[in-house]
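Before any questions on binding or motion, here is one chain by itself as structure tokens, the form predicted on its own.
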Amino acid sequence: MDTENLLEIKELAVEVGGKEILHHVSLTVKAGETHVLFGPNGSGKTTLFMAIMGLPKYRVTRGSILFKGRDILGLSIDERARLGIGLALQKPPVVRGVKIKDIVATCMKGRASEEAVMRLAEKANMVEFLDREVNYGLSGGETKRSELLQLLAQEPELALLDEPESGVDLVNMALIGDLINELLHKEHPIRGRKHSGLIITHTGHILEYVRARTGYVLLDGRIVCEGDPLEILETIKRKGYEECRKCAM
């Protein structure tokens, strides 16, 4: 095993409700790298994230998922989170009875203090929301900032970001980009980084703010194209996803 490989997915097949959604998916993310997943609705992108995170509805039937060289398929969601995997959902649920400041403090573990929570909240422009229940009554942009605030508190080595630009207006987009860049330690040269990201995007708008090394196109549960993410995005804009399908022929 290459010790630089943070995430290795090999020939992965995943079923949901008895139907196979992902077929023979393989990809590798090295430490410090950011990769991007493109694909139309229903292509299996979110299913891949849920399988990596270990949600029981998403049943792995073949293949393997290695994180830092360890097979994590037998681990629970919380065990994977403690190992260093974090997930920001496209549409996270409302959690009534739990305040944002409390979940942030929980994510920070032994590093939590009122001052530390406040510092992170200031970065995410979330100070005025700390006493709100998690995601209750928040706009799209506020929800995204709340999700990223929690990830910043967790400091995962692998951040799975499901459409971070979805529902975010132009005013908030730059801040979302800044938060992701901080989460992924983009201020450091790639050789000095340990934190990696895997980002799902429909529009590619996030790539105006966050640089990515590798892009993939997922169609019908299969990776059909891999390459420079900006080149892939330009191809999709000009010719659509069917042009990417030709890569698999």
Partner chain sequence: MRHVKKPDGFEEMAKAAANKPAAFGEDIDLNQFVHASEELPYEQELALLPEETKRQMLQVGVVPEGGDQRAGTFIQMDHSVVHSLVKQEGVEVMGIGQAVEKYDWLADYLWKAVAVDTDKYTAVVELGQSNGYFIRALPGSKVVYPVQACLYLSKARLAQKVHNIVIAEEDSELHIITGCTSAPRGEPGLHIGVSEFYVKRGARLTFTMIHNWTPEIAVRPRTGIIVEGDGVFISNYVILKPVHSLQMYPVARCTGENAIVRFHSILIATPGSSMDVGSKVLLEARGARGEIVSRAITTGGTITARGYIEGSAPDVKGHLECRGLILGGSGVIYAIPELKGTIPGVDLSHEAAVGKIAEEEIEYLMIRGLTRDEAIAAIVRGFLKAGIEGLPAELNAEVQRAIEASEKTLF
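Just so we're clear, the structure is a prediction, and the values are computed from it rather than from any experiment. Residue numbers count along the first chain shown, from 1.
The following text describes the form predicted together with the partner chain, which does not appear among the structures shown.
With respect to the partner chain in the predicted bound form, the three residues 159, 184 and 206 uniformly fall beyond 4.5 angstroms at the level of their nearest heavy atom. Screening 116, 174, 95, 73 for any heavy atom within 4.5 Å of the partner chain in the predicted bound form leaves a single hit, 95. A heavy atom within 4.5 Å of the partner chain in the predicted bound form is found for exactly one of 169, 128, 78, 122: 78. Contact check for residue 147: a non-hydrogen atom falls within 4.5 Å of the partner chain in the predicted bound form.
Shown alone here, residue 60 lies farther than 4.5 Å from the partner chain in the predicted bound form, counting heavy atoms only. Contact check for residue 179: no non-hydrogen atom falls within 4.5 Å of the partner chain in the predicted bound form. Proximity of residue 190 to the partner chain in the predicted bound form: non-hydrogen atoms within 4.5 Å are absent; the residue sits far from the partner. Taking the partner chain as positioned in the predicted bound form, the residues of 124 to 162 that bring a heavy atom within 4.5 Å of it are, in sequence order, 134, 135, 147, 150, 151, 154.
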